[in-house]
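For reference, the chain that follows is the form predicted on its own, supplied as structure tokens.
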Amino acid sequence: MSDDHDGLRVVDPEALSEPVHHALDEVLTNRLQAGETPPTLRVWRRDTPAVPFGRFQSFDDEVEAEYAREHGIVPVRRVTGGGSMYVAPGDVVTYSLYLPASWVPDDVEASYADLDRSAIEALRGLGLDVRHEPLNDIEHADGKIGGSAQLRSGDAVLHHATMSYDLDTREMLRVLRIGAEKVSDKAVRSAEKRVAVMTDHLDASREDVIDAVVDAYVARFGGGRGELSEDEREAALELADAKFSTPEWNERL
């Protein structure tokens, strides 16, 4: 792993649809691998609630499809592995890193700890006592605050993370297939013990959290604010229509 970093382009575009977010992950990873785009940190802002679920998960096993359709919740299969999560605009903090492999430890377990370190330092700086929990979780004493997933493509590494700022546990139980008891009080209490949210422990706005996380990665890797190019946007819009909005991708397993 090299310590010689040329800096990150930080992009924080407007709210986008869930399929476009996942298309940007694929487009920017592939273009970094091809030398066509710089190392980038991208902040996600969503326009609807959604269920991003892992590349190798079963759609039918993870998503209450009828409930999602009725309530405008958009399920999308990620390009990375890992589990499913309910997310809603303003309730989570999500970001993606697109980095050269030379910036990242070769060992996968070490790379999760290394790349989550800056976010953990940012949260601790705001007063939230969290730690890395192998393989890929960010934990508070009261439960899981967030998780990350990775994709390695040649010389490019995608590392993205989602952290619960103000998760609606009851809605999560309605849209995810995670137990027969579903929205019973018992199930909600059980879920609340496993999932921690920042607003229970932190007197900071979501924007404060996003700024702190961005600043921590820029302090580590260098760089500064930039914009997605029009070409990157157009490629992501086309890929969202062709792949990430389709049942052939989202419901293939």
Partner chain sequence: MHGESSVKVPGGKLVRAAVTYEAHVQSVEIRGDFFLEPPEALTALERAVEGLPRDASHEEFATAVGAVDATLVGFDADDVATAVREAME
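Computed from a predicted model, the values in this text were never measured in an experiment. Positions refer to the first chain, counted from 1.
Keep in mind that the form predicted in complex with the partner chain is not shown, yet the notes after this line are about it.
Note on the partner interface in the predicted bound form: the residue among R152, R174, R117, R124 having a heavy atom within 4.5 angstroms of the partner chain is R152.
In terms of contact with the partner chain in the predicted bound form, the residue from G143, G83, P100, P105 that brings a heavy atom within 4.5 Å is G83. Of the candidate stretches 208-216, 66-74, 30-38, 49-57, only 49-57 has residues with heavy atoms within 4.5 Å of the partner chain in the predicted bound form. None of the heavy atoms of Y165 is located within 4.5 Å of the partner chain in the predicted bound form. Residue contact with the partner chain in the predicted bound form: A88 places no heavy atom within 4.5 Å of it. The partner chain is not drawn, but in the predicted bound form it has no heavy atom within 4.5 Å of D203. The partner chain in the predicted bound form is not approached by S96, whose heavy atoms all lie more than 4.5 angstroms from it. Taking a 4.5 Å heavy atom cutoff to the partner chain in the predicted bound form, the one contacting residue in 234-253 is L253.
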